[in-house]
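A single chain, nothing else alongside it, follows as structure tokens in the form predicted alone.
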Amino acid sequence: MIKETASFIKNKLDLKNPEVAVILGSGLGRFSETLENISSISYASIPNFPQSSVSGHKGELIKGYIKDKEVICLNGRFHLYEGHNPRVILDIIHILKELGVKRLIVTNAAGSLRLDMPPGSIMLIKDHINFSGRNPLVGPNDDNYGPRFPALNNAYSLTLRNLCKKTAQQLDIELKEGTYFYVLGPNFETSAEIKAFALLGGDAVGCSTVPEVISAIHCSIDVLGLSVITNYGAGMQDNTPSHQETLSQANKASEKLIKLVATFIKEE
């Protein structure tokens, strides 16, 4: 199934050598506007491909170029709170592997667990905490893609992080760095949970990304992760988090993130 779907995508988009893939988080779909010679297909037209049902996730696969580099964008991701089996995400990443992807850039919208990281900040993910109780590697392992017990001690490539920091410095973009705390969702957290997550070592909290990263590391794809901070966690300010706020703040901060990711890809 994975090879069949990869072959369909390759032929439909006329893919040559797409070594970089970008997964676009809530409100960040405008990244595709930075690409040249764009072609796209909807998820609905791809055989064996799941559908994204969340507002802010369009549900299309895009091919384009940044300078001379062919890039694949997933404009719409798959969240486990939508009811997807975690293995669906593993299959999606394995499809990218079949297409030749060697580096995966994951972006997301996240809530801050730190007062010194306000809405509008961009956080470079250095590590994560999987608090969801779910893992895409549960079930039979395909040794053709990766080992039964992959190590995650360098899940967010130090080499790519250092290159991203250098790019941000060149662009005069302030870049925070921290640990992404992954929860299942879809509800926003309670004030007590926000306090607990910070005590456990989290810097930002969200409901995506980690299954994609685990799947990528499983099949030896290097990962760079970036969060747009859209709100403070519940109880940190006099606020009630909402998805509308998430999309609004992500749109406001997206210009910085889009510029950072596009320049990073161009210069890496």
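From 1 onward, residues are counted along the sequence shown. Nothing here was measured: the structure is a model prediction, and the numbers come from that model.
Below, we turn to the form predicted together with a small molecule, even though it does not appear here.
- Using a 4.5 angstroms threshold between heavy atoms, residue 207 counts as touching the small molecule in the model of the complex.
- With a 4.5 Å cutoff on heavy atoms, residue 32 does not count as touching the small molecule in the model of the complex; it lies far away.
- Taking the partner from the other structure, the small molecule in the model of the complex has no heavy atom within 4.5 Å of any heavy atom of residue 164.
- In the model of the complex, none of the heavy atoms of residue 156 sits within 4.5 Å of a heavy atom of the small molecule.
- The stretch from 210 to 218, 228 to 236, 64 to 72, 41 to 49 that comes within 4.5 Å of the small molecule in the model of the complex, counting heavy atoms only, is 228 to 236.
- Only one of 106, 92, 125, 109 comes within 4.5 Å of the small molecule in the model of the complex through a heavy atom, and that residue is 109.
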